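Okay, here we've got a single chain as C-alpha cells, the form predicted on its own, with questions on binding and movement later.
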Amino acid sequence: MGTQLDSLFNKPHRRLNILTNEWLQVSPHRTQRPWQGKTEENQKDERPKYDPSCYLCPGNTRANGIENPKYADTFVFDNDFGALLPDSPAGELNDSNLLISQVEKGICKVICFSPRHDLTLPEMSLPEIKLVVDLWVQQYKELGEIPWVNYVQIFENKGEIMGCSNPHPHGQIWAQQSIPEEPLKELKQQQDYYEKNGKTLLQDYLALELDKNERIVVQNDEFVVLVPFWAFWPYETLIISRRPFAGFTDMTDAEKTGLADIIKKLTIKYDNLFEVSFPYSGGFHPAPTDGKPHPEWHFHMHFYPPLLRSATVKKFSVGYEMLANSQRDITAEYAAEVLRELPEVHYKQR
C-alpha cells in the first residue's frame, strides 16, 4: 500500500482539505522546472533594540499623536487605523437579491510582543512568549464577552513580503460581529463530523497523523505541529492541541506554556530553513464567541509561509490558483521532512 501511495504522490493528484471541504491540486514534478521569474530581496534582519522612529517602540509617539507607555513586556492597544469600527450603525442593503451588503461592526487591536524592536517570536525566551500567550487568552476572553462579538481572530503578519507595515514584532486581533468565512467553513466541517462520530474532526485526524508519522514536524506534551495533508503553501503547518478543547479560555496552565514552547520550536525551524527571519501569516482558529456551546471545535493554529525554493523565491497564488483550484508543487511529506530535520537552536545562536 505504501508503494502504491508513493507512486500516486509522485504524480499530479488532488487532496481534500477536510477542514474546509475544498480540493487542492498537487504537481510534485514541477519542482524540476527552471526558475527565471520574480525573486525577492533577501530580507535582512538587522534592527536596533530600540528605534526612535518606530510607532510601536516604548515611549514613542504613534501616527495619531498618542504616546506609547514605556512598557516592559507586552503591550496591547486599539488599532489607530482599524479595518473595523465598534460604533458602526446597523444597516443593510438588498437590491433585487443581486446587490447585497451588511454593515460589519468590530474592534481591531495591535499586540506588541516585546519592547525590543529586534526580537521576533523565535528569538524571544519561553517566559516572554508565555506572556504573549497570556495576553491572547485575556483578549479572547474580554472581547468574546462583548454581546455582539461572535468571533475573535488573532493573527500575525510577519515580514515585508507579507505586507507587514511595521517591522516591530507585533500581531493583531480583529473581533467582529459575524463569523468570518474561513472559520465558518471549518465550523460546518467540524460540526458535521462531530454529529456523525461523537469526536472532534481534528482529534481523529491527529491520531491518524501520529500513527503514520509522515507529516509530523515537532511535538511536545500538549501540542503537535504537522504539515497538513492538504497544505497549500510550501511549508504550511498546523498546530493542533492533543486534548480537544475549543477556545483560549479552555486552556490549562500547562497548555499555555506548551503553546509558547511549540510556537518557539516551530518558528526557530522556520528561521533555520533559509537562515533568514522567515515571513508568514499565522493565526489561531479558536471557537466562535457566539454564546453557543462548541463541543465540535478543536483548537488549532495555522502558519502560511510564502517562501518556496529559497529566501528570495516565493510561491505566487495566480492564474490557475485564482481562476480554478489551489495548487502546490512540493508534497506535504517532503516539506514535513525538511522542517523536521532542521535544528531547534536558532541559527544566530549556533
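Note that residue numbering follows the sequence shown and begins at 1. Just so it is clear, the structure is predicted and the values come from calculations on it, not from any experiment.
Keep in mind that the form predicted in complex with 5,6-dihydrouridine-5'-monophosphate is not shown, yet the notes after this line are about it.
For the residues E145, E160, E275, D80, the 4.5 Å heavy atom test against 5,6-dihydrouridine-5'-monophosphate in the model of the complex is passed only by D80. Note on contacts: among K130, H170, K264, R242, the single residue with a heavy atom within 4.5 Å of 5,6-dihydrouridine-5'-monophosphate in the model of the complex is H170.
Figure note: of the listed segments 135 to 143, 71 to 79, 216 to 224, 249 to 257, the one touching 5,6-dihydrouridine-5'-monophosphate in the model of the complex, with heavy atoms no more than 4.5 Å away, is 71 to 79. Not displayed here, 5,6-dihydrouridine-5'-monophosphate is kept clear of Y304 by more than 4.5 Å at the level of heavy atoms in the model of the complex. When contacts are judged by a 4.5 Å heavy atom cut-off, A324 does not count as touching 5,6-dihydrouridine-5'-monophosphate in the model of the complex.
Within this chain, N197 is remote from the site of 5,6-dihydrouridine-5'-monophosphate in the model of the complex, having no heavy atom within 4.5 Å. Interface residue remark: I179 is not counted as part of the site for 5,6-dihydrouridine-5'-monophosphate in the model of the complex, having no heavy atom within 4.5 Å. Although the partner is absent from the chain shown here, none of W233, L308 and V318 has a heavy atom within 4.5 Å of 5,6-dihydrouridine-5'-monophosphate in the model of the complex. Residues Y55, R62, A63 are the members of 55 to 74 with a non-hydrogen atom no more than 4.5 angstroms from 5,6-dihydrouridine-5'-monophosphate in the model of the complex.
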